[in-house]
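Coming up are structure 1 and structure 2: the same protein chain in two forms, each one given alone as structure tokens.
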Structure 1
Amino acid sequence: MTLLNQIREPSFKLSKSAKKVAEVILQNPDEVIHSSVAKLAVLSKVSEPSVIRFCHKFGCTGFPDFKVQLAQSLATAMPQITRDVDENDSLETMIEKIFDSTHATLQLTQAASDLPSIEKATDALAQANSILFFGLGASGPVALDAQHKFFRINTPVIAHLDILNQRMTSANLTSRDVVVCISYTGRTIALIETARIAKKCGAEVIGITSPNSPLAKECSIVLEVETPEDTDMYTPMTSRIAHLVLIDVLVTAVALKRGPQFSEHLLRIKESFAETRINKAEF
């Protein structure tokens, strides 16, 4: 039984305050996924401890865990999100499935976002002497995108998509370097071994990967991404979008951490592009 169905189940005896929380959740579960404990408490007209007790009643460790299960419940409620594209699908159905799957994945990723982990990753990246992004296969383009974006934060950064380069580079790292390993499955042997080498050399290893995966266990900081995608049949689609969004979150967080004066640096970079583009007023 999904979390939403449990909340609707009449046999679950809820207190007066819990009923208020349940009512708000059932009325707009999408909004709750993006809310904080404080916001849900205000909407429900109850205290924050009442919201936490409500989460515990349904077997959740806390509000973040509750939001993840709620997002998964919503995804389950919409079959088009969890089904893979079928060879017999019409063009219209295929387009609908891909957009719906992407939307659901972003909801799940946002709900699963762990603020302490993102803060730790931001601190590590902001203080790093150098930043390396490792990705193989479908995760390679994400690593290249990260290199492109982090290039602007004025810290040496490079993406390696070759197994041997990853291993050799990792063996030369120090405690002031940061490696970001990107893998949807977290089961790619070569990347797991690379993360292990980097960690032994003292580098901070950040994983953007599936929770509790072999790669996650080799990382000091894990940013979890879990989707219903069948990577054994199709090239990963929705997970890549989630990974790209997490990269956006990290680079923005690092830029903000640098303070207002860093905005001048970013503005200079933006202005350097001006002469490479045709002015809108000219066409």
Structure 2
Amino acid sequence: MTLLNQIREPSFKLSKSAKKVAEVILQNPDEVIHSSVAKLAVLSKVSEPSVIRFCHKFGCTGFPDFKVQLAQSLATAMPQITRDVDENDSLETMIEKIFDSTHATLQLTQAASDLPSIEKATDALAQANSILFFGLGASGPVALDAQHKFFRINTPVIAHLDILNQRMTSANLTSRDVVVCISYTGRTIALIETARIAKKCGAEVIGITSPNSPLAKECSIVLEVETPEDTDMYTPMTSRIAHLVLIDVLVTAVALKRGPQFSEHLLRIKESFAETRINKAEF
């Protein structure tokens, strides 16, 4: 865990003066990394040794060391949540903004990721008789990607990208099936209804979607991806990338859960590719 988060952590018991110091640091960390012990002591209204003791509490050898670590933790802290692309951005800054936004989305998603939910989801997936991925519109490709990945680890999986197939399949599910509904907003009516049907059939319904959305309420397990309110027109939908990474997590977890006997299967798949490819050596 990064230093900044450690300071935030309320479970870390701090003395009265230490709290004051923490307060000031969290309030304006940018200023603190350029301050001296004396300055921080004055700002927090404590003595200089108290500041140093504070640093030691967080495993730093001293104040300079603390500053350095704080600076690092600050640099990895969330960048500008979303930097909307502007009509008169240069190509270069546009690229920068898009990459930045993607990094930010990933960080948010990781920070918000709920271990128990992921655990539950992988358990369900690992035991499933069959796995269904449902996505519409922009989430269609995501569902397809999931299908591809689960297929590679030898799982009975299908992705459906249209309402009809989704609904037809849902109506015939059993408690041994798992449905994963992927939706950016979690407000697409058709998908919500499908989720409801699937749940009624007793299937496990996993949602990769926006927290507290109508879809989320229909799901038995929710993997939350924060949706930054539809900001600008040109803002790319970075959240679908978060969805993909979450699917990476699920696939990997399931593969690991199945253990080493499956690496053999993966190897076989890799070999089957060989003849469709130009080998690096012969090229």
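The term rigid core refers to the maximal set of C-alpha atoms that superpose within 1.5 Å between the two forms. Predicted model only: the values in this text are computed from it and were never measured. All residue numbers here follow the sequence of structure 1, with the first residue given the number 1.
- Legend: structure 1 corresponds to the form predicted on its own, while structure 2 does not.
- Taking 2 Å as the criterion, residue 32 counts as shifted between structure 1 and structure 2: its C-alpha moves by at least this amount when the rigid core is aligned.
- When the rigid core is held fixed, the Cα atom of residue 214 travels less than 2 angstroms between structure 1 and structure 2.
- Once the rigid core is used as the reference frame, the Cα position of residue 252 differs between structure 1 and structure 2 by less than 2 Å.
- Once the core of the two forms is superposed, the Cα of residue 19 has moved 4.6 Å between structure 1 and structure 2.
- We note a C-alpha movement of 28.1 Å at residue 62 between structure 1 and structure 2, with the rigid core held in register.
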